[in-house]
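Only one chain is shown below, in C-alpha cells, and it's the form predicted on its own.
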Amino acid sequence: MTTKMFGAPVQRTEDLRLLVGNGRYLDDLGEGAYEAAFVRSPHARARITGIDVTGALDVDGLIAIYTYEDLAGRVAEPLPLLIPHPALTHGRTAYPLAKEFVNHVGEAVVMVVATDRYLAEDACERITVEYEALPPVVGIENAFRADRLVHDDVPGNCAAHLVQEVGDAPAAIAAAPNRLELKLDIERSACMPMEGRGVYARWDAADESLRVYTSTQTSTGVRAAVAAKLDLPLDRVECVTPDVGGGFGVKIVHPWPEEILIPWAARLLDHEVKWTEDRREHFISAAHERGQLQTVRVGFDDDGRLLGLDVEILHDNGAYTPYGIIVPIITSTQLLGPYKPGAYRVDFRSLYTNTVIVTPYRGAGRPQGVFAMERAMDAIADHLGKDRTEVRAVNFIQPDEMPYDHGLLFQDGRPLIYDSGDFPGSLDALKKLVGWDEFEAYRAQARAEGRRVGIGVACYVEGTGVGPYEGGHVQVETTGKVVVATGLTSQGQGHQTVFAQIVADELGVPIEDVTVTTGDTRRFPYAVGTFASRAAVMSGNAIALAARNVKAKALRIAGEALEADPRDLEIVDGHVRVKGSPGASVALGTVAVLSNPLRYAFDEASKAATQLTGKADFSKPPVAEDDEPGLEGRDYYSPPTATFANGMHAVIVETDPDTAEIRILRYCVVHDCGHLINPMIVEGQVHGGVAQGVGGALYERMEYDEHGQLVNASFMDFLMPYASEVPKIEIDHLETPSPLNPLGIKGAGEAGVIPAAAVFASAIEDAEGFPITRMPIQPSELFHLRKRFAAGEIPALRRGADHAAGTHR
C-alpha cells in the first residue's frame, strides 16, 4: 500500500547528492570557457573622465576588454525597470557598464575577458580609470535633506512617494484618549548566500541560439531579458538554472548587468564565457535591504485598542530602482500584521543614496513593518500598564472575521485580503510554549541570582504565494517512473521533495519513482520565479492539478483496457486497479504505452500493452481529435489574491550587567502556513529564517562611511551568527487551511526572519527597562544606551519601576 506522503516528514530526496559533493553549481560548469572580471568603481559618486586600457593589452591570455563605448544596440541602453508603479515617478536604472557617471562603489566600469579568471584580474589591475570625484549622498537623513542629489534630474532624491489610507487616521489619533509617537530606525543589511551570483553562456553560431546558465531565482525572466537585450527570438534562447547555493532574494533581480554582458560577449567572441562573483563583489555590487526610518503615530483607547495609526517611512533604495518599490510597498501594508488598525494612513518616500541598490531580501520589507507595529504594541502596553499580550489580543482580527479586507492594495496590486487564520489560537499556543504567564517568577529568581532577563513577543502576517501564476508538467514514462517539471527555480528549499510528495499522492505512486526538474526553460518555459514564499503554493498547486489531469487520463485508458468504468478504478503503488479487485490491474507504465498508439514492442511494458489491445475501431483515428498521445498533463495555478500565513515568536534573553552581552536563553515559534506538506522542511525553513533573523537583530549591518565606502565588506568585519549563536528553536504549528487553493497551503519560506528584530527589541528593553528603537543592536550599542539612560537622556519604561520593585507584569 502506498504510504500517504502529503503531511509526512519525508527526508529531503536531494540532500544526499548535495551533501556528498555531487551538486553542480554555476562554477562547476564551463570548463574551458573564457572568464570575465570587472573593473569596478572605487568612488560612491564620480564622473568618468578617461579610461586607459593600454597597460593591459600585453597580458598573456587576454581576449577582450569592453567599456561602455563598445556596447551597441539595446545592450548600450539602461537596464530595464522591472516593476513600474505609478508612484515611482523617477525610476532610474544603471547601464550594464557605466556610461559617464558612477553612483556607488562597486558599479561596473570595464569588463575584461581572458582565458582564465586570474589573467582577467591581472588585466583589470593594469587598466586606469580617471574619475572626477563628486560628493556622495550617504544615509537616509542626508538623502531626505537633499542638499545634494544622486541623480541631477531627480528632485529631492525622491524616486517614489506613495500614500495609502483607510479612514482619517490623523483625525482619529487626535480624538483618541491616548496617543503616542515613536521614531524607529532599522539599518541596512544583506543576505549572504554561500554561492554568489554567476553566469555562463554558450553561443551556437550554426543554430544562432544561446544557452545561458545562471545562478538565478527566475530563469524565465533572465531568458526573456537576454533575448530582448540581445535582439534574439525567444525560442533561440535557453536558460538553465543549475544547483543554486542560496538565493534569499538577491538573485531575483533580472537581469543583472553580468547576465547581459556575459551572453553578449559569448556571442561576440563565438566562445563560451563565464563569470563567477567573488565575495567582495557580492558586498559592493549585488544588493542590500532593510534600511528605513519610521515615524509611527498611534491613538488608542484605555484597553489598548487601536483607533488610528499613521506611519511615515523613509526608505533607502540605493543608487537605482531596477526592482521598483516592492520593498516599501510590502512594509507599508504588511506592518498591519494580525491587527485591526482603526483608521490607517501610511506615507512612504523611497529615496536615492550613493550606495548599493536595495531589492528584496528574505522577508522583503516585512521585518521593517513588523518592527513598526510591534514596537507600537509594546509602547501602548507600557503606556497603559498592561500585559503586552493583552494589548495584542484586543486588537486581533478574529477567525470569524475571515476573509478580512484591509481596504488596501498589496505588493501584487491586488486587494490586501487575509484568507484565513486563528490569531487568538496562535497567541494562546505561544504563551503556553514559552511559559509567558510563569515568566515573572523566573525573572524574580534570576534577579535574586544577579541576572538580568527579559521576554519579548512579536506577531506577523506574511503575504505568500503571490501570483500571477506558475505551471507544472507531469509525465508518466513507460517504466512507470514519473517526471515532473516546473519553471520556477530551487535554491535549497527542498522543492524536489515536496513536489514529489504531492505527485506521489495524487498519482498513487511511490515517491522514489518521481523525479522533479525546476528552473530549466527547456523543460518548462512559462514561469515567474522563486521568491515571496510562493513556490509550494504556486507550483505545488499547479503540479497537483497537472497530476490530476494525468490521473484522469490514466483511469480512462485503463478503463478501456480493463473494460471497467473509470469511476471504479484507483491507482495504488503505481498500478491502476479495480476497486476491491486488486487482481484486475494494469501497471501505470503500461497505461503510458497504451496512451501512445505507436506500439513497438521495444520493452517489457510495450509487450504487456500489446496484450491489452482490443479490437481496433477503424471508424476512429488512432488519436482522437480532443486527445493527444502520451500519459502526461500540464496545468497552471493562478490565484485571485495572495494567501496569508502568520505566526508569533517569543524570545527570552539575558543581558550581562557589565559587558552588555546579549544571550538568547529560549526562542519559541508558533507558525501557521495552512496544511503542512512536509513538517520537517517547514521547520527547516523556520530554523533558517530565525538564524538570519538573529543575524539581522544582533550582528549584521552595512557600515558606510561619509564617503560612501562600505567599510565592512568582508566576512572579517560583517558579522554573521555561527551555529553557536543560533539558539535551539522550539516550534508549534497551527494549520488553518487556505480556502484559495486546492491544497489549502500557504508559504513558509520567510516566516522565521520576519519578527526577529521586533521580538529581540521587545525582550531587550524588557530586560533593561528603557525603550529600544534602533536595530540591530550589539553589546557596544547597548552599553552606550545604558550610559545615556543613566544620564537621563532616554526615558524609562513605565514598567521599568516595576522591575526594581519586582511587580512587573
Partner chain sequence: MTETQIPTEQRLDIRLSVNGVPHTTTVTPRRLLSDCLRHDLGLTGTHVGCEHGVCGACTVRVDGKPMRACLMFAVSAQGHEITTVEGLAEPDGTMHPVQQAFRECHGLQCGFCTPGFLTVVSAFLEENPTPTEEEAREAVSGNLCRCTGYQNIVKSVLRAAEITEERKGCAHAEGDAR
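Numbering follows the first chain given and starts at 1. Since the structure is predicted, the reported quantities are computational estimates derived from the model, not experimental observations.
We do not show the form predicted in complex with its partner chain, though everything after this point is about it.
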Do Asp28 and its partner chain share at least one heavy atom pair within 4.5 Å in the model of the complex? yes
Considering non-hydrogen atoms and a 4.5 Å limit, does its partner chain approach Leu232 in the model of the complex? no
Please tell me whether any heavy atom belonging to Lys274 falls inside 4.5 Å of a heavy atom of its partner chain, as the geometry stands in the model of the complex. yes
Against its partner chain in the model of the complex, would Gln692 count as a contact residue? Criterion: heavy atoms within 4.5 Å. yes
Only one of 421-429, 559-567, 378-386, 122-130 has residues with a heavy atom within 4.5 Å of its partner chain in the model of the complex, and that stretch is 122-130
Which listed residue (Trp264, Tyr352, Tyr361, Tyr213) meets the criterion of a heavy atom within 4.5 Å of its partner chain in the model of the complex? Tyr361
From the list Ser581, Gln445, Ser714, Thr89, which entry has a heavy atom within 4.5 Å of its partner chain in the model of the complex? Ser714
Neighbours of its partner chain in the model of the complex among 679-700 [non-hydrogen atom within 4.5 angstroms]: Met680, Ile681, Gly684, Gln685, His687, Gly688, Ala691, Gln692, Glu700
